[in-house]
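Okay, here we've got a single chain as C-alpha cells, the form predicted alone, with questions on binding and movement later.
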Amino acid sequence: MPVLEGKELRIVGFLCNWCSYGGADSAGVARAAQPTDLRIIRVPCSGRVDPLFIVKALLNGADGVLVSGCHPRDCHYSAGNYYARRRLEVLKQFLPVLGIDDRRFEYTWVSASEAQRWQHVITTFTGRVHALGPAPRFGDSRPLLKVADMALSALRPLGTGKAAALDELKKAIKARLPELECVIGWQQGYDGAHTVPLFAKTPEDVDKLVWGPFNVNNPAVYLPSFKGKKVGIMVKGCDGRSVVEQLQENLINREDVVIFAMPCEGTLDMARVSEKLGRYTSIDAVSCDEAAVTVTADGKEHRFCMADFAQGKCYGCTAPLAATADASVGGPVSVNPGPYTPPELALLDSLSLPERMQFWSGQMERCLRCYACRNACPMCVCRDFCVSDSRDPHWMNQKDDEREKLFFQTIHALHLAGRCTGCGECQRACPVGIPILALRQQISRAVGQLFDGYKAGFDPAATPPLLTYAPEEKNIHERDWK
C-alpha cells in the first residue's frame, strides 16, 4: 500500500547493484513501508549511469529520477561514484536550461545495510515529486519564439583588424612552410564578404591568406584528420583554445602542429549581416575602417559596425590571442575581466521554467536534423560512431519530432561538458539559426562554478574535470535528507 495518498507518479530509480539495491532489498525484507511510485533499474555501479539516462527518462515522461549508489570511499569499483558525483552534479545544474525543474532529479548514497536510510530517502524524494505534481510534457505547450538581445557591451575593444600585421605573419608562415604538409587558414570566398578555408602548400598560396571580421570558420575542425602529418594552422583566440583542447585529449600531437597566431578583434555575425543585406544579386565592394565594415551590394552601401554586428561570443571573449603558439604576431590585448553573460544564455535566464520548455519546443520545430552543428564542432570527433546514426545502442530514433531533436542537442552538449571552448561553430553552422550554443554555455558555466572557474582550451597539460575526480569536492556537497 503506498505511503503517499493520491495517484501514483512515474519515478525512475537507477540503483547500484552492490549497495543501494541491497539497501532497497533489505528495506523490503524488513517490510518497511515505501511509496510504490518507484520503478527500479539495477546497474552495476553508479558510475555506469550516463547523465543521458536521466535526460531521456525526463524527456519521455518520467516525473522524477533518483540515482543511488555506494557511499564515497565504499565503491565496489574503487572510484565509480566519484566520477558519477561530478557528472550528476553538472547535470543537475544543466536541467533548468531545458525547462526541467532540477528538483525532479536527485542522487544520493545508500549502503546495503542502510534499510532505514533507503526508506527515508525514497519517501522524502517521492514526497517532493508529488508536491511538484506531474511533470509537464515536452511538446504539449504552445511554442514560444523569442530572439536574444544582441545590444551588449564588449569586454574588450572590437574592430575589423585592419591594422593587423598580416604581412609579418605571412612571412613567418613562409619560413616554416617547407617542413609542413600545408598551412590551414582563410582565403576570400566567392565574394569579398565571405571567406573559405585555405590549405596553403606553396608561397603563392600563402599570399592568398586573409585576416579580418569575415574569418568566421574555426580551422581547428580539420586538424584531427591530419593526425600523424606535420601541418600549420592560423588561429584566432577561440580557434587556439580548440587546438589546445585537442592537444589535451591526444586528438593531435603537439610536435605535428605549428600554430600561427594574431590577436582577433572580433568576427561578424553573418546571419545578421545577411538579414540586413536582404536579397541581392552581387557584392560589388567591401571596405573596412577601424570600427566597421562597409558592404556594397547591388550598388547600395551597408555599414556594419563591429560593436553592433559581432558574433555573440566576441563580446565576452577574454582570450583574443591564442595562449599557445609557435609564431605570434601582435601584442596582448587588454580585456575587462568583468562579469559577462552571453546573449543567448541571458535570454534563457530571463525565462521561467515553463517558458524555457516552450522556447525549446519552438526552436526544435525548426530543426532540420542536418547535423551541421555536429560536423562543424572541432571537439565532436566520433562522427563515424555518432549516437544519431547508431542502432547499437539505439539511443535515438528517426522521428521528426521536437523531443528527439532536443535530445540530440542535449547529447551533444553533455558530450562537450568540460570540453567546449565556446567557439560557436555549432550555432554559426545552423542553417535556421537555432541558438544551440546556449546549451553548451550553460554546461560551461556549471563546470566553471563547480571546478574553480575551469575553462576548456587554456592549458594543454590540464585534465578536463569530468575525466578525473577528487575524493573531497570543494563545491559539491552531500545532500541532507533529514
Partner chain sequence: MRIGVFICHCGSNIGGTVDCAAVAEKALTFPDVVHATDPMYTCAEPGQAAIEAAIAEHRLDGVVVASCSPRMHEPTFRRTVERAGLNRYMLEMANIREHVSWIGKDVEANTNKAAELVAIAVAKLRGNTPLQAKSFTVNKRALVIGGGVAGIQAALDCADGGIPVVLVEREATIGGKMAKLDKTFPTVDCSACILGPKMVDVAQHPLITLYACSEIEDISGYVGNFTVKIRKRATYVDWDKCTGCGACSEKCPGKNTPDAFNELTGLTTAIKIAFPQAIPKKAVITASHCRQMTRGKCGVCAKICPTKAINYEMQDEIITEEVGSIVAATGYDLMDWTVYEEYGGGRYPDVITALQYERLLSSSGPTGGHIKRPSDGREPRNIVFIQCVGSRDCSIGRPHCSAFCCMYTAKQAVLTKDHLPESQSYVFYMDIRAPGKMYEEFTRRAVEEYGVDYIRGRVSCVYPDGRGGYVVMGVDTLLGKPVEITADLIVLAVGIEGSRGAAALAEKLRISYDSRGFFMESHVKLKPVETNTIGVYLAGVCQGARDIPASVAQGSAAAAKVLGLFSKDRLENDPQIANVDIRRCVDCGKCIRCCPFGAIEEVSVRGEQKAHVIETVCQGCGLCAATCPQGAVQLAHSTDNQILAEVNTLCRY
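Quick caveat, the model's predicted, so the values are computed rather than measured. Residue numbers count along the first chain shown, from 1.
Below: the form predicted in complex with its partner chain, not depicted.
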{"property": "Partner-facing stretch of 205-213, 330-338, 310-318, 138-146, counted where any non-hydrogen atom is within 4.5 angstroms of its partner chain in the model of the complex", "result": "138-146"}
{"property": "Tyr83, heavy atom within 4.5 angstroms of its partner chain in the model of the complex", "result": "yes"}
{"property": "Partner contact for Val183 in the model of the complex: its partner chain, 4.5 angstroms, heavy atom", "result": "no"}
{"property": "Contact of Ala470 with its partner chain in the model of the complex (heavy atom, 4.5 Å)", "result": "no"}
{"property": "Exercise: Lys170 in contact with its partner chain in the model of the complex, heavy atom 4.5 Å", "result": "no"}
{"property": "Contacting member of Lys162, Lys174, Lys227, Lys92, with respect to its partner chain in the model of the complex [4.5 Å, heavy atom]", "result": "Lys227"}
{"property": "Listed residue (Ile436, Ala456, Leu66, Val43) with a non-hydrogen atom within 4.5 angstroms of its partner chain in the model of the complex", "result": "Val43"}
{"property": "In the model of the complex, residues of 39-70 near its partner chain [heavy atom within 4.5 Å]", "result": "Arg39, Ile40, Ile41, Arg42, Val43, Pro44, Cys45, Gly47, Arg48, Val49, Asp50, Phe53, Lys56, Ala57, Leu59, Asn60, Gly61, Ala62"}
